[in-house]
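This text opens with one protein chain seen in two forms, each one given by itself as structure tokens under the names structure 1 and structure 2.
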Structure 1
């Protein structure tokens, strides 16, 4: 049984600068989102315990062919990707349609793992949309995955409780960032990553055309921060100001 992990290529947010509240994208390298890396780590740990292959699916611009090497270094065995410069800015509906078609190409797929939100716009929709398109059960907010024969036992961490559910495979599992710490690839894993099998298709090669874009981003601005620029000279003064601002001393 193979495990599929869906990952999204996003700008490396650690290297993103903000100028006039807008992100400066020039020279920012592409990578995968943080929770996507948790999803991949979960898949690799399950593979190490139960066997099979970890298949990474992704859709994005042509640079994805390079970016995918990160996932291969972190334990992915092979990849199926749509790498096309026309697919550099997909919305959730488009992504879900494409990913569902890519996942259909995996013959023995028992489990499909998504991170709960992408590193850039965090819509949190794609996993659920793909589950619907593939007519598979889906479980979200998952912090632990245990394979038990044909079933999955999943732990969901909710606001006030921890829920354990069982679901038959194949299923879509949407994980949170809490479930593991992604591994740091070794030197040899990085060097071998580029030699792992990959299948690349373009938008024109899809069986069905990607869904129409349904969402238009009008603006994407960093929140405004009003610095008060208060200078203090003593701890007492600091405490007084924090009280005035309502940060301490309240009931």
Structure 2
């Protein structure tokens, strides 16, 4: 049985700069989001226990061919990706349509794992949309995955309770960041990542066109901050200012 992990190529937010309240994307490297890496780690742990292969599916710009090596180094066995510069800015509907078509190419797919939200817009929609397109059961907010024969036993962490859910495979599972701590690949794993099998397609090769874009970003400005620019010459002045602003209490 193969385990599919859907991952999204996103800018490395730790290297993002803000200028005139707008994000500066030039020279920002691309990577995978933290929760996508949690999803991959879950798949690798299950493979180590039950066998099979971990298949990573992703859609993004032509740089995805390099980005996908991160996932291969962290335990992915092979990848199926749509690498096309036209796919560098997909919304949830477009991503779901493309990922569903990529997943259909995996013959022995028993489990499909998504992170609960991407590292950029965090819409939390794609996993559910894919489950609908593939006509598969889905379970979200998952913090533990146990495979029991042809059945999954899943722990869901909700706001005021914890649920144990059982579902037959194949199924879509949407995991949280609390699931695990992603591993850091060794140097040898990084070197071997580029030699693992990969299948690359373009938008023109899809069986059916990607869904029409349903979301338009009107503004993406950072919050405006009004600084008071107060000059502080001593610790005593700092304490008095903090008291005046209500950050510390007076005696």
Partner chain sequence: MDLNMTKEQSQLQTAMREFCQKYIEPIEPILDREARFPYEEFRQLAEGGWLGLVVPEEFGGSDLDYLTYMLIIEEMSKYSASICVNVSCHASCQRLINLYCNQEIKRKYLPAMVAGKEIGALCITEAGAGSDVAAMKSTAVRDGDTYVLNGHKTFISNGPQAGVLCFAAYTDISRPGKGISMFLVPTELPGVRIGELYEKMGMRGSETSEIILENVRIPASYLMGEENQGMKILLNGLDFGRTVVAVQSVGIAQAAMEEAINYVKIRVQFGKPIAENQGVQWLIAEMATEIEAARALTWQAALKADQGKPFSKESSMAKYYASSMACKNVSRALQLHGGTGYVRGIKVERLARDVRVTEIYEGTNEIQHMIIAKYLLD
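Since the structure is predicted, the reported quantities are computational estimates derived from the model, not experimental observations. Between two forms, the rigid core is the largest collection of C-alphas that superpose within 1.5 Å. Residue numbers count along the first chain shown, from 1.
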item: Structure that is the form predicted together with the partner chain (1 or 2); value: 1
item: Rotation (degrees) of the lesser rigid unit against the larger between structure 1 and structure 2; value: 16
item: Rigid core superposed, the C-alpha shift at residue 232 between structure 1 and structure 2 in Å; value: 8.6
item: Core superposition result - C-alpha of residue 223, shift between structure 1 and structure 2, Å; value: 2.9
